[in-house]
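A single chain, nothing else alongside it, follows as structure tokens in the form predicted on its own.
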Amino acid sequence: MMIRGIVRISIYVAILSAILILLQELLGTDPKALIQTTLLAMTPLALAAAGEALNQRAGMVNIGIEGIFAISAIAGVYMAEVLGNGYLGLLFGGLVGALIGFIMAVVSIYGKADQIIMGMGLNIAAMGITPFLLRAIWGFPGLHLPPKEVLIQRLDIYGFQISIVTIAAIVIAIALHIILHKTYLGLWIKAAGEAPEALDAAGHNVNMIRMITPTIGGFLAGLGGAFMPLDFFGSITKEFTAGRGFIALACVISSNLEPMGSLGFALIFGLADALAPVIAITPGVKESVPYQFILALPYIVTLAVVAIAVKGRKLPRALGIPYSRE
């Protein structure tokens, strides 16, 4: 299973490399800069998707990633400025995401709340909370630029810049894949989503597992949310998430709930995100194609990939269904 996942990722990388070479010839772009932007755009998607893949394997679903991105980003930037350390801001953003995931798990497990509706409610609430907090904390409802000293410094490898968070996202996806398919914990997680009554009969606490996975998923989504203003963008606006939470969900579904597979799809969407502004300013294109249509490229790619990849996908039998011992 691990070898198959590595082969799949290698195929994605090979395809993306071929695309980059072709684009260099057609558009005259710098492939190094495009790869750097692709990896940055991939990172929050990969983090959130890997956590949500684990979460859905356990029978829980959280479509509120968009909301977690927004709230944890503000929390992360605020704490980074208070403590004067971007890494502590990242950690705090992750903890805020974990808290949100934990609360949603408790309400859904013990309050029998509909998980889809909760996620939708979180996304809608975040739309209002984000501009409110921007104004309440920094006095501007639309934009805030964190001080440069709290931004995450990227690693420079022979002129190629890569974020340490990007490396962590790749390692986390691999680690979760190993946990899911090579350990007893992974077996229990999959059983919680596929046959919770059998897991309960074997003496394991289904609800405990179903509380742990949304907390982990929330932490990784919160980490991705804080990463965007503290590294990727270097700023925070009221609409900075731009649907990336839903793209992360598309990575999860397209990969058939596989953490390493979701990493590959995050690469594809990251490339589409990086390409959009490059194509938009290409001579011959910018005069004939509306700018707004080009910027919609990541979302068009998302719809196309999901429409193709979702065929034949099998979700856990007990996904989204609260478990009650009979």
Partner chain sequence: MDDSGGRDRPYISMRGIVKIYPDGTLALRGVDLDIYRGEILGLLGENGAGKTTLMKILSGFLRPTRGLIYIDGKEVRFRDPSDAINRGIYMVHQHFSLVPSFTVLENLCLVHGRGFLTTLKGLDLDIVREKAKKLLSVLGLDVPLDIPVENLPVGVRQRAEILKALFIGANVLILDEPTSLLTPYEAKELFRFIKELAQKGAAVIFITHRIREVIEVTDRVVVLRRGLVAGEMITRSATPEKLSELMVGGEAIVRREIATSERNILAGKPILSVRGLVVLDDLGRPVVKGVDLDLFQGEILGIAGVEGNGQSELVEAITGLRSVLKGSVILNGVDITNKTPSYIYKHGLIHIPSDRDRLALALDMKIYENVLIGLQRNPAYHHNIIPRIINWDTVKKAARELIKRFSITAESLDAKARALSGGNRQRLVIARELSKGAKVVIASNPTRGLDIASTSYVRTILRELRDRGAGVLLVSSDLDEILELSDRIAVIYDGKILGILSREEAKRVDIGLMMGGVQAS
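Residue numbers count along the first chain shown, from 1. Note that this is a predicted model, so its numbers are computed, not measured.
Same protein, other form: the form predicted in complex with the partner chain, not shown, and the subject of what follows.
Asker: Considering A202, L83, L145, I124, which brings a non-hydrogen atom within 4.5 Å of the partner chain in the predicted complex?
Answerer: Comparing distances to the partner chain in the predicted complex, the residue within 4.5 Å is A202.
Asker: Tell me, which of T183, Q161, S235, Q153 has a heavy atom within 4.5 angstroms of the partner chain in the predicted complex?
Answerer: Contact residue from the list: T183.
Asker: Would L187 show up as a contact with the partner chain in the predicted complex if we use heavy atoms at 4.5 Å?
Answerer: Yes - in the predicted complex, heavy atoms of L187 and the partner chain come within 4.5 Å of each other.
Asker: Indicate whether the partner chain has at least one heavy atom within 4.5 Å of a heavy atom of R317 in the predicted complex.
Answerer: Yes - in the predicted complex, heavy atoms of R317 and the partner chain come within 4.5 Å of each other.
Asker: Counting only non-hydrogen atoms and a 4.5 angstroms cut-off, does L95 reach the partner chain in the predicted complex?
Answerer: Looking in the predicted complex, residue contacts with the partner chain do not include L95, since no heavy atom lies within 4.5 Å.
Asker: Indicate whether the partner chain has at least one heavy atom within 4.5 Å of a heavy atom of E149 in the predicted complex.
Answerer: Flag for E149 set to no.
Asker: Okay, which stretch from 236 to 244, 192 to 200, 219 to 227, 114 to 122 lines the partner chain in the predicted complex, with non-hydrogen atoms inside 4.5 Å?
Answerer: Correct option: 192 to 200.
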